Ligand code: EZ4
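Before any questions on how it binds or moves, here is one chain, the form predicted on its own, in structure tokens.
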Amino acid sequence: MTDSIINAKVIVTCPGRNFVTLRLETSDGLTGVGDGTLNGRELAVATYLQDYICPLLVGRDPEQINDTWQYLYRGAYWRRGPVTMCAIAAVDMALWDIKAKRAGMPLYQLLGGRARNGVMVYGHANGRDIPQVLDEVAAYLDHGYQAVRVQVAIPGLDAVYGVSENRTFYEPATVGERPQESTWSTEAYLRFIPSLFEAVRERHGFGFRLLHDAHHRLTPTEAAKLGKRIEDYDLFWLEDPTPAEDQDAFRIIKQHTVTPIAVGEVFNTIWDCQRLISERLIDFIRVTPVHAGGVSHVKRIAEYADLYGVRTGFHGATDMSPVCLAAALHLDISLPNFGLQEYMTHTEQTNEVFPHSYRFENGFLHPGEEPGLGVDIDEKLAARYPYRKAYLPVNRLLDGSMHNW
């Protein structure tokens, strides 16, 4: 008798922030977990999974991952988009977890084995002013990191993406019935931000990878101007310089600067980045398994990117649970065109709810050697942390008009 899925359960928990987890159980007693978290819209995915996908999974063969992926993608007709792709991602991750457990090996072995000894990660150094950022960079370097992203408050602005009072756990979503609003001045940012990179290089030198996130806030011309102005500081990448809905916009940036460009954390499918990759308009693709259809589809994107010399730089903020981080690490260690992995440490409560075998050592993460993803969810403990409605902020220019957050 063919093995089958006998139970599909959606678990929503908030051990410091909201997570959506799918847990599958098979008739031969194996379980698998997948991350379906969409920051600020978690219950939309939870409902999609619970009401529309879980009933379709019971009775299916867990071994047929490719068929299940296509069934959920093509069969919905109204396809793509963050809610659909996060839901498919949760199923896909859980099925790969089961398959690797049945094989008795960590997932990366099913993906072809190691292409490197460990996964280099970058940490987030931020502060209210440049001296504080410089101290944070020093702390990361002392801890063994070889790559650091820097963000700083801009004088005259009340809040800036990537800067928080909590030096370790950056969580932009805030609990409440409405999003918080912040204000933005591109002119003030462009005048001030190069001085941050200058100060970092003057104090800490060029012996590590330096990164920065513009968070979709610049026009193509503004991004080109910034990229050209900061070339001497040798950034490893400038992230999300302009909104990527218009893929042609990156042509303008590339015509004026050699500063490497990284984009893709909001992408959901290979078609979102097809032209960016094939025309070499970016240097790093930052998709993540939870937002882009799971292990299966992200592997497809990475392999396509490899044809054009584009490397991976998967999103790894705390809006993805340890389940997704584990999936990303198994991909990272096996892909030939790996570039860098974002890493933001989860809270102690999150790590307790999601026990895992991956570990950090001297600037590198290692996915662990347990069969499967090497991560699980403690359902009893998860139940102690009920869902809390939380929104990502919204952003306005100084004249009150809406802008990209």
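Everything numeric in this text was worked out from a predicted model, so none of it was measured. For every residue, the number given is its place in the sequence shown, counted from 1.
Here the subject shifts to the form predicted together with the named molecule, a form of this protein not shown in this document.
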message: the named molecule is absent from this chain, but in the model of the complex, do 146, 283 and 311 each have a non-hydrogen atom within 4.5 Å of it?
response: no
message: Please tell me which of 108, 233, 189, 170 lies within 4.5 Å of the named molecule in the model of the complex, judged by heavy atoms.
response: 170
- prompt: Which pick from 350, 50, 39, 337 sits with a heavy atom within 4.5 Å of the named molecule in the model of the complex?
  reply: 39
message: Counting any heavy atom within 4.5 Å as contact, can you tell me which stretch out of 208 to 216, 98 to 106, 323 to 331, 138 to 146 lines the named molecule in the model of the complex?
response: 208 to 216
message: Just checking whether residue 267 would be counted as a contact of the named molecule in the model of the complex - the rule being heavy atoms within 4.5 angstroms.
response: no
message: in the model of the complex, does residue 239 come within 4.5 Å of the named molecule, counting heavy atoms only?
response: yes
query: residue 392 near the named molecule in the model of the complex, any heavy atom under 4.5 Å?
result: yes
- request: Would you please decide whether residue 317 lies within 4.5 angstroms of the named molecule in the model of the complex, comparing each non-hydrogen atom pair?
  value: yes
message: Under the 4.5 Å heavy atom criterion, name the residues of 323 to 356 that approach the named molecule in the model of the complex, in sequence order.
response: 342
